[in-house]
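Okay, so here's just one chain, in C-alpha cells, the form predicted on its own.
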C-alpha cells in the first residue's frame, strides 16, 4: 500500500543554492527590464515581436507543464485509476510551469500595467486566438492552484475544508482537461497568422492538431522522466510497471504525430526542403531525429520495462517535441527585410531564472508537502 507524504530532508543543499543563484541573477535582469524598459535587456525588434520568453517560457514551458493535464486525462477522463500515484507530482510541475509562464508573459508585454484589460468584457476581442490563449492559460493557472489545494490542506490538517473541496473538485478537474486542450491547440493556430513568413516545413493547417499532440507527448514524457529521476534521487522504488503502461500510450501518440507530420510535408511537396543544408532544414531534421529515436525506443514492448531505456526515450521525446515548438516560433519564422534575432544575455538570464524558480519550488514542495507516493511501512 502507498501513501503520499513529504520526503523530508534538508532543503538548503548544494543544488538548491546553485539554482537560487540563478534566480537572483534572473531577478536582477527582470528588475532592469521593469525599471529601464524592455529594450534594456531584450534583442526583440519589429521583425521579431516575440522571442525566447514566449518560445521557451510559454510555448515550450506550458507543454513541459502538461504532465498534470495528461495524467488527469488518463486518470479521470479515461477512468484509469492505476495512474493516480503519478497525478500529484505531475500536477505540481504543471502548477509551477503555468504560473511562471504567466509571469513570463508579463515580462514580455510592453505595457504590462494594462494587462488587466484582458478580463474587461468591453475590451475583449472574441475573434482573437491570442485572446483565447491568454484567457485559457490564466483560467487554467487558477484551476491548477485549486486542484493542488488538497496537498496544502492535508499539510495543514484542515480536514473539514478538505472534505468540502473534494465535493466540488471534480468540476475543476473537468476544467483542467478542457482548458489545456483549447489553448495548446490554439498555440499552433497562432502561427497560422504568420502566413508565408513561416517556413512551409512547419506552415500547415494541421498546426493546431500537431501542437496538441506535442503537448500530450511532452506531458507524458515529463511524467516518465520525473518519476524515474525522483525515484533515483530520493532512493524510492521504481514505478516501472505503471510507467511501462504509460510508455505504451506515449508510443501511439508519437506514432500518430510522426505520420501526420511527415506525410503532411511530403504531400504538400516540401520534403526536399529538409535536405537543402540550411539552418532551417537542419533543425527540421534534428527535431524529427529525436522524435524518431524516442519512437523506436518505445516500439519494442520489452524496452518499456527497462528504466534506462524509458529514461532515454523520454529525454529524446522531450528534446524533439520542444524543438518542434521552438522551430515553429523562432527558427522557421522569417519576417523578411533583413530582420534578425538572437536572445540577449538578459533574456537568457531571465529565462534561466524562471526555470530555476520552478526547480526550487518543486524541490521544496516534495520535501515539505505530501506529493510523492511512497510505500507505507507496517
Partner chain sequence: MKIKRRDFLKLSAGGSLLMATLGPTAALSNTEKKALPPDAVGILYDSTLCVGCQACMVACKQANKMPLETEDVYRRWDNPQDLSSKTLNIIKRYQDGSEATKDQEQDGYAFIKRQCMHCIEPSCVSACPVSALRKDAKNGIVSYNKDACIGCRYCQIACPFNIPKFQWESTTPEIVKCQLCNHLLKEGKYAACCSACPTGASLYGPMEDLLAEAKRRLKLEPGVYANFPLNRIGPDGSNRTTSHKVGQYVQHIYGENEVGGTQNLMLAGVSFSKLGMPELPDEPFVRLADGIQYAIYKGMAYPLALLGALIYMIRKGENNGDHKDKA
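In this text the structure is predicted, and so the values were computed from the model without any measurement. Residue numbers count along the first chain shown, from 1.
Below, we refer to the form predicted in complex with the partner chain, which is not included among the displayed structures.
- Proximity of residue 272 to the partner chain in the predicted complex falls outside the 4.5 Å heavy atom cutoff.
- Shown alone here, residue 195 lies within 4.5 Å of the partner chain in the predicted complex, counting heavy atoms only.
- Interface residue remark: residue 333 is counted as part of the site for the partner chain in the predicted complex, having a heavy atom within 4.5 Å.
- Interface membership of residue 208, defined by any non-hydrogen atom within 4.5 Å of the partner chain in the predicted complex, is confirmed.
- Not one of 138, 226 and 312 is positioned with any heavy atom within 4.5 Å of the partner chain in the predicted complex.
- Put simply, of 38, 319, 348, 30 only one has a heavy atom within 4.5 Å of the partner chain in the predicted complex, and it is 38.
- Interface residue among 285, 142, 170, 156 relative to the partner chain in the predicted complex, by the heavy atom within 4.5 Å criterion: 170.
- Stretch-level contact check against the partner chain in the predicted complex with heavy atoms at 4.5 Å: of 214 to 222, 117 to 125, 93 to 101, 290 to 298, the positive one is 117 to 125.
- Along 37 to 53, a non-hydrogen atom within 4.5 Å of the partner chain in the predicted complex is carried by 37, 38, 39, 40, 44, 45, 46, 49, 50, in order along the sequence.
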